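The chain below stands alone and is given in structure tokens; this is the form predicted alone.
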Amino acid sequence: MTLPSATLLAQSALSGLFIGALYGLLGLGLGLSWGLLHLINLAHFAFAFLAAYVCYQLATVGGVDPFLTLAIIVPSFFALGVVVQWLLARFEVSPLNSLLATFGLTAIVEATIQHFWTADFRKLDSAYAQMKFRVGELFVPVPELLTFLLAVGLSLAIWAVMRYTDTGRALRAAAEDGPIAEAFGVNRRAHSLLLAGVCAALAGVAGVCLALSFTLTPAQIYGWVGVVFAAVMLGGLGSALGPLAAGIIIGVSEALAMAVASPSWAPIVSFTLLIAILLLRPGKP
């Protein structure tokens, strides 16, 4: 087997860094919901793709800049997340049943996307699509770079809120022991609705990044589940920075494996990493 050139390996690692940041951005809201609300929200992926299609529609038909669509998508998806969380809490859905309920919601969202946009492939042609610049021998595409910056910025912002604010401390306390937190004055219901809204808004941001860089089709919703779950599990449930770090590790590992061997090795690498970490860290998320 002939090894690729150093330039190709470096370009592959850079591409892996960018796709890994998207894994982390998708995993951020999922991990917070799972770790702090104890809800396994599979609909998080459906929300991301719904946001991607909304971005596509607004940019293609309405002529809105893709990043300006965030002004509509973020508050709309925040409200959607609040409604879904209210329904799950209203019927006291358990963590296992939340997996089943949100899987059903994912199927509903997928059918809705197919109804309005059909199952055909959609590609957002924006001013950002062909923008790239050169650093030495490497090419840096602007959409992927913006995704990376958004993922890092949002992860750091969530980490700071969770660590240094009363809201973050209340969320962590409620996740550890809800009844005791309530006894000390924490409004679990309000905080859970707030967090669910933030997680759905994060899915909306990830959806815009998906629309900028990838061709869309409704069936792809399920294609992202496995690798993002791996990033969340590796990074730690409820962690703000963990999914980003784990996503980058997985993304770079997959990209290098594809450069050295073949694209079929990408899922083998990511899930081998997951299995290895779970075996070395038994009992830890």
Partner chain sequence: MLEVADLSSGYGAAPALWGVSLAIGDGELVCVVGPNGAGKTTLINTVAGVNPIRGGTIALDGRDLTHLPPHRFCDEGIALVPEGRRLFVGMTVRENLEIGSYRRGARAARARSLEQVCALFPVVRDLLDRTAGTLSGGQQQMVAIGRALMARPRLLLLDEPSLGLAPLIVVAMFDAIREINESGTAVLLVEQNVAMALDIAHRAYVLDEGRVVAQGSPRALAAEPALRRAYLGVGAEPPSVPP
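Numbering follows the first chain given and starts at 1. Everything quoted here is computed from the prediction, not taken from an experiment.
If you look for the form predicted together with its partner chain, you will not find it shown, but the lines that follow are about it.
- The stretch that touches its partner chain in the model of the complex, counting heavy atoms within 4.5 Å, is 161-169, out of 161-169, 81-89, 194-202, 138-146.
- In summary, among the residues L156, I180, A127, I108, the only one with a non-hydrogen atom within 4.5 Å of its partner chain in the model of the complex is I180.
- Between the options V152, A173, V74, V93, the residue in contact with its partner chain in the model of the complex by a heavy atom within 4.5 angstroms is A173.
- In the model of the complex, N187 approaches its partner chain with a heavy atom inside 4.5 Å.
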